[in-house]
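In structure tokens, one chain follows: the form predicted on its own.
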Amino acid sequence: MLELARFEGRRKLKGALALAVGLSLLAAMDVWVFPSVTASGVDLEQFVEAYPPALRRMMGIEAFGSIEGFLASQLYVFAWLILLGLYLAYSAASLIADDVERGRMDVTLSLPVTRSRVVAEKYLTLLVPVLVVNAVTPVVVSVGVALVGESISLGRLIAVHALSVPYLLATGGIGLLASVAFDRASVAQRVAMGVTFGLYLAESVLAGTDYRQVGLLAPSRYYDPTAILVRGEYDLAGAAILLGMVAVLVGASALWFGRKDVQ
């Protein structure tokens, strides 16, 4: 069982470790910069109040003068919600389309496996980068915060990483659906990244307006790093919605691929 997932997962491990190192370096830099920002004498709260409300919502700016608020905005909204979300969508968009484009899918389908199993096991390989980065980075953050003489709630830090897993799997689900819909990996990747970022922008810009319901489809509505780190609010219902979104996206991808004519 899960032979395809194990094989493909091992191939992703090296890239996942490199990704974890890169994000850890970004986290360490943010932690290292924070003391100099607070020592500058600038009233950070007054400074960010000058930002347009839509931009503050988009970047998750709240309690910017605290280590929790600073990391929520500079690391978790920027790196997790945007960069890592786009990376998972981009990576997932090649899971099926790349093999179809390169003619490898015929070989895979010649094995005694169903198409739905191929889709499901390919998708499961996304757990490798998701789990690796969320295991390594919080250790770097907690050690770095202690070294600069600050403190952060370990429970909130663990929660912000644990609750990011459903969010990242949902963005990966968007990429998977694009990977099934398009036979060229480059097209699927562009579509997946465009849809993922477009949904994030729609949720950020339209929140608080008469069109806020558009954001119901955005995975970013159900994962708020600022609420977790600054206010200690854990949206478990949002995590459940994201997992439901994953089930729908993967199920739709499997159903579509099962009926698709692979050239």
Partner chain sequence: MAPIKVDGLTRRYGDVVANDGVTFTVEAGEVFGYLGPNGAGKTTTIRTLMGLQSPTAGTARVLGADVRDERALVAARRRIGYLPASPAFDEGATGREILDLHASLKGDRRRDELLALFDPPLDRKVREYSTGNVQKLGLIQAFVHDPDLVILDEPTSGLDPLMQQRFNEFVREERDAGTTVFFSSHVLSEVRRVCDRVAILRDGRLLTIEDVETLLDRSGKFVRVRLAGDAEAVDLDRNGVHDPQVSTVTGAQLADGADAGTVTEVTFTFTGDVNDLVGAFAGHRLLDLDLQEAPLEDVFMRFYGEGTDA
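Positions refer to the first chain, counted from 1. Given the structure is predicted, the values throughout are model-derived calculations rather than measurements.
Same protein, other form: the form predicted together with its partner chain, not shown, and the subject of what follows.
Only one segment in the set 149-157, 72-80, 180-188, 115-123 has any non-hydrogen atom within 4.5 angstroms of its partner chain in the predicted bound form, and it is 115-123.
Proximity of Leu131 to its partner chain in the predicted bound form: non-hydrogen atoms within 4.5 Å are absent; the residue sits far from the partner. Taking non-hydrogen atoms only, Trp256 never approaches its partner chain to within 4.5 angstroms in the predicted bound form. When its partner chain is considered in the predicted bound form, Ala162 lies well away from it, no heavy atom lying within 4.5 Å. Its partner chain in the predicted bound form comes within 4.5 Å of no heavy atom belonging to Val143.
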